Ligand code: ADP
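In the form predicted alone, a lone chain appears below as structure tokens.
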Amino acid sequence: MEARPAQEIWETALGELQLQVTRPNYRTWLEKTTGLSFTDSRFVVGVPNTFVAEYLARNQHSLIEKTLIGLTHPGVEVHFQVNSARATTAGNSNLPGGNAKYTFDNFVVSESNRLAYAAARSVAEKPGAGYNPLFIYGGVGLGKSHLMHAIYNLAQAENIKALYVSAEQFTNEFVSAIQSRSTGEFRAKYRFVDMLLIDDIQFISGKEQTEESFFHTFNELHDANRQIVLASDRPPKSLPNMGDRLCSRFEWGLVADIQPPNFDTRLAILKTKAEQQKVEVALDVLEFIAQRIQQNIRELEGSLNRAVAYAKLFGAILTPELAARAVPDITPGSNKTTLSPEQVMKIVAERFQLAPADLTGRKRDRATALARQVAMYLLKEATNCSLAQIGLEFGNRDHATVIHACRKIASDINNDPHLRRKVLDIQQGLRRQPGAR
């Protein structure tokens, strides 16, 4: 196959992987990868350097291969290869930084994030003159990192010496500096900048030596009127095991929160994302995704990427029905319904041409066993039923049986296209049931 299909497949895979690994992991190890080639059963992923290649091969090989198998066919083997062009480009900057695609202009402003946006723009335009530090907090995937990237990018455009890293990177570099006896270089890197941005600052909580190092870094920068911007998943006072003196300093400037977006904002975000990608997506498709993903902007964007790539991959027109097939299997549990167990079992039994009583009974033939396992899987994914409740619904079976069924179906739908289509069809049927939301 040619490079374009490989990249399309990889973009689809990234849409899934983005939701299966942590944000720092995705940004550090996967964000700059590409799909280089796909020939027979060999899929080659392009990476920026050998360090990334070694990490992915050692730590994410199984997850990536499983994801690609689900999008292509069983037997696919993944290989990592340094993409020399990207590696050269990445080496041009001597300071870690942001992602150029995240700017203030493409940040969708609403009541849920207006304060954080205004404050971020203010410190980017006049660093050290107002809110110092600026502390932005909010749930996962609500746009904190977008604002951090936007601040960094604007600072770079104004030739401000800015440094943007995650707290995990700060910690790792600090530990390495101690081990290699190069703490002087470490201090110079972090204390001689005009602006320091650290994402996921909650990561240093409880790490006493790292906290101590950052405490002195913070003081030196603040005393010199250098801008500090921090992002976290919670406000300073709620950071577990964080020293009081650091928490108090985090509140010296401005603490701004970001709340989950409403439907109109989610729809506006999707429209903006589609325009950025220069793809035409029907309004009913955007509305479907906006209704389905309610709490996480990253999942919102990832679902759109997945749906667009899915349509390209299969040469189909992107409709709400196609989006429904593309989205559910990458957002397990994100759309719990108020359906009853009886409703779920009734639909599953119908699709397998069985009676609901067969699912709760003791029949063990292959077809009945498969239908029973699918029903258990869907009850876990589509409702708020506990494992114990699910076991009771199926003839008082224990939770270990339910766990086995759920794990088996979750694995099988990645390797069996026929079963995957059947499960997706059942999920669509469940969404049309009274009580589904």
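The first residue of the sequence shown is number 1, and the count goes up from there. The structure presented is a predicted model; accordingly, all values stated were derived computationally and were not measured.
Just so it is clear, the following notes concern the form predicted together with the ligand, a form of the same protein that is not shown.
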query: One stretch from 316-324, 295-303, 207-215, 187-195 that, in the predicted bound form, holds residues within 4.5 Å of the ligand by heavy atom; finding: 295-303
query: Listed residue that, although the ligand is not shown, lies within 4.5 Å of it in the predicted bound form (heavy atoms), from F288, F352, F250, F107; finding: F107
query: Single option in I201, L134, V308, L142 placed near the ligand in the predicted bound form, where near means a heavy atom within 4.5 Å; finding: L142
query: Interface membership of I269, the ligand in the predicted bound form, 4.5 Å heavy atom rule; finding: yes
query: Distance check, Y102 to the ligand in the predicted bound form, heavy atom within 4.5 Å; finding: yes
query: N113 within 4.5 Å of the ligand in the predicted bound form, heavy atoms; finding: yes
query: is_contact(K422, the ligand) in the predicted bound form, heavy atom dist at most 4.5 Å; finding: no
query: Cα-Cα trend for L286 and R421, given that in the predicted bound form the distance shifts by 3 Å or more; finding: farther
